[in-house]
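A single chain comes next, written as structure tokens; it is the form predicted on its own.
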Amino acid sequence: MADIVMPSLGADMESGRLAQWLIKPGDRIARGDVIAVVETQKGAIEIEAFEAGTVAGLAIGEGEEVPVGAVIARLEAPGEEAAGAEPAAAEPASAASPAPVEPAGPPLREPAAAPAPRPDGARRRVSPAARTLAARLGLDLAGLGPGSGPGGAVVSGDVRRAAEAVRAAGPPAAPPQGARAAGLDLEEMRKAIAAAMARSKREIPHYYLVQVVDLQAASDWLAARNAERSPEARLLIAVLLLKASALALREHGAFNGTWEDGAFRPGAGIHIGNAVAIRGGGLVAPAIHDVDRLDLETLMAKLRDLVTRARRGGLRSSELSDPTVTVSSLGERGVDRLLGVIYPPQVALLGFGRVGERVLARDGVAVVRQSVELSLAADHRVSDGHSGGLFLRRIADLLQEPDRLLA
């Protein structure tokens, strides 16, 4: 028997409200299935299962708010139910037999009655995040078939696929003027961000490094590759910066991980959180997983998808719960240098400023080159300026030889 708990979706989250269950007792679920929707300051987040099994019971109801780490449901592992039933089949209980011992944990809710088959036109199960996304895209949910969530529930992925299928019919409906982005309470989000950043500056001994990186070779290489591509398939310089950072993190693991329980915990993979500004205010930093192992085309597709979903709604718990480092950029806003604040429990943040022409010295001659200011905010409990300098130097070296980013 395993507990499903309210996940932590960032250092600024203390509790979450269970908005909707997409499972019921007796359902069999697989790892990665969307099982519930939780509302936080970041909006409606789809919660995924981290284990496979059969739902034994639900510990909280829809609308309840519980702290991070509280048990919200219980799960029987595959084969566990059969193993537990075997003794009962071999020897029936007598009147003198002791009462069976219930598993430890919070009381589970009574199983709900199995739902009757849904008649045509009846209300379907749709996650709040999917409903919000559909409204923003102007998509009629009545036209969708069964969803990919447990029990046929419609989740954000179903809405995105349906929107792609009808894109030729015309642009999505524009959201009402003045509407909140993706249903977010931006004022509450700002309060949560401020609390997390105050904690970071109070508890983490930051140090900062800045280096100007020559991007002429990378820019020329990118222009040559994009010349052979259609506009929608072209790569952005941001993808090269992400891939170079990820490959450098392979060799400089002290910047990829978290500080927990008084010690550094190396990241299980290189999961880069990408800071995304939400229109109207607010910020989220969902992760792209295993960036060092992705080819540039896949990384570009994942980055576009992540930014779109972050701004329209539809992020998943796995994208918010396990970033091992964060990358932030304000270059498109004309900012030359970004000195970030580490997002706890992470131990480093990379900042990229504006990519543009600067006067640099090359072989004793002043030349105009494409370049960017790269900054590092790091935790002095885990690393120091010497190791930080080597890390930045490695990123810069990789960007001088862009063919190496294809690995």
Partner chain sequence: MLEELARIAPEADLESLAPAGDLRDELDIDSMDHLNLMIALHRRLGVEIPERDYPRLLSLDAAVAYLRTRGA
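Residue numbers count along the first chain shown, from 1. What you are looking at is a predicted structure, and each value in this text was computed from that prediction instead of being measured.
The form predicted together with its partner chain is left out here; the points below concern that form.
- Interface residue remark: A163 is not counted as part of the site for its partner chain in the predicted complex, having no heavy atom within 4.5 Å.
- Shown alone here, E251 lies farther than 4.5 Å from its partner chain in the predicted complex, counting heavy atoms only.
- At a distance threshold of 4.5 angstroms between non-hydrogen atoms, Q216 is out of contact with its partner chain in the predicted complex.
- The closest heavy atom approach of Q211 to its partner chain in the predicted complex falls outside 4.5 Å.
- Here the chain stands alone, but in the predicted complex its contact with its partner chain, taken as any heavy atom within 4.5 Å, falls in 231-239 among 251-259, 264-272, 231-239, 289-297.
- Among the residues V307, A196, L330, L141, the one placing a heavy atom within 4.5 Å of its partner chain in the predicted complex is V307.
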